[in-house]
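Okay, so we've got a single protein chain in two different forms coming up as structure tokens, structure 1 first and structure 2 after it.
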Structure 1
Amino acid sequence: MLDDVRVVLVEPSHPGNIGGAARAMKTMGIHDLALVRPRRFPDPQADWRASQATDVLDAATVSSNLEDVIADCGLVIGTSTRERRIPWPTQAAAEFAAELARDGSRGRPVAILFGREVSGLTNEELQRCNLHLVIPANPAYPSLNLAMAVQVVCYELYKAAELGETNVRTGWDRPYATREELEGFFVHLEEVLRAVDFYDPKAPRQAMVRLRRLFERVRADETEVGMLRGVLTHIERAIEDQ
């Protein structure tokens, strides 16, 4: 699906934003960049902001009109923050990404249009779109930088395409301690607390319940429980040795 996504920047003014958009795309596995009447391109500013994504810039197409860029596309999506006079079908970025991941691109490029830094897309351009995409944002200041908007939309597409419901794996290096090991630790802990006279005789259970809750919710691994047992053993020896 990501291979079919084409990011289209319409009349970007600042070459830095073109480079920033290229980098943003590549971090999310998207490589097809089309530029419509960029004010300055190529440009050293674009290369600098692209960092390791100059390959995306090098492969970008430059065109003098939008129609050519979207002619072969199966879906054309316009990004927009402003309200339009005639309401258009509108989706939040995450919602569209989920739908695209589910339904696929059906073998045709999917163009996502990003407008000018100051004025966005024109009404005519927005009316060439199947639907409009919005990035949820602070109503008092919803004005994302152009490359930032590309980053957020590509991020949502990447998440939907590559991760679906699954999330990052933590990659822990040890199994959880067994219940038996954990209960053994609690017994040992209670002995040590008694030996150091920790308990408030008026409310002896309260402290132990709070400590248990803490060591329950941390879901300790077997190495950690072994280490905690080691600490308790050292404390006992230090008391006896004196």
Structure 2
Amino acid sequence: MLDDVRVVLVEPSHPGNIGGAARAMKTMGIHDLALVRPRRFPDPQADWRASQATDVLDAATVSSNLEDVIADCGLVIGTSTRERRIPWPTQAAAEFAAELARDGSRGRPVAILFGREVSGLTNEELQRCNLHLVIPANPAYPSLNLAMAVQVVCYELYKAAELGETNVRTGWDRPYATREELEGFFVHLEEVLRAVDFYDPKAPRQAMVRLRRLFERVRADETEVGMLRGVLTHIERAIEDQ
């Protein structure tokens, strides 16, 4: 389970937080770190804060594009403390960790996104997620330091894995659809909805956001997404034959 977890830091501004996150990960048996547009990395402060976890830093993936980092992932989880106008499926960190230990990752990486120190993840980034993860905290001051947030989430994952109930539910015949496959489906879906005059991009009224929320909540496997793409293709052919 822990080998499937990828911690993704989106635009971290302070290298010390990158090092602190790497140390937090290694203490909990998690080693896959990805950085999206870090302001300063590599950096001696990151190495210093990482202490004995510089191997996690050395192996970290650095990318200018979030989509590249999560393209192969079956589940994408966004950490967030803010309420949204359109609510998204939300779980506490401990609940998600227990679910992942129970159900497994179906052979796909599981990305957990942590946002910018000041502003967190954007709405667009959060809409790329199957669910939003929260760390219960004092409502009067719920903000955690980035490295501390990584530590708490990694601790919950480690604790759930150590309970020894990993992959109790087995036998699912297909892996989760990857993020790349899902994003291809969403593009295809929007094209078809525009073709049948269901969706007007000039007056969207959040239709695609809500449809995205629906399919993110389902957590479709790769075969199911392929079938949905096939349905959309048949609709396009029917339109052309009219």
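Not measured: the values here are computed from a predicted model. Structure 1 provides the reference sequence; residues are numbered from 1 along it. Take the two forms, find the largest set of C-alpha atoms that superpose within 1.5 Å, and that set is the rigid core.
The form predicted alone appears here as structure 2; structure 1 is the other form of the chain. Superposition on the rigid core between the two structures places the CA atom of L211 2 Å or more away from its counterpart. In a rigid-core overlay of the protein, E190 has its C-alpha displaced by at least 2 Å between the two structures.
Relative to the superposed rigid core, the position of the CA of R229 differs between the two structures by 2 Å or more. With both forms fitted on their core, the C-alpha atom of A220 sits 54.9 Å from where it sits in the other form; this compares the forms between the two structures.
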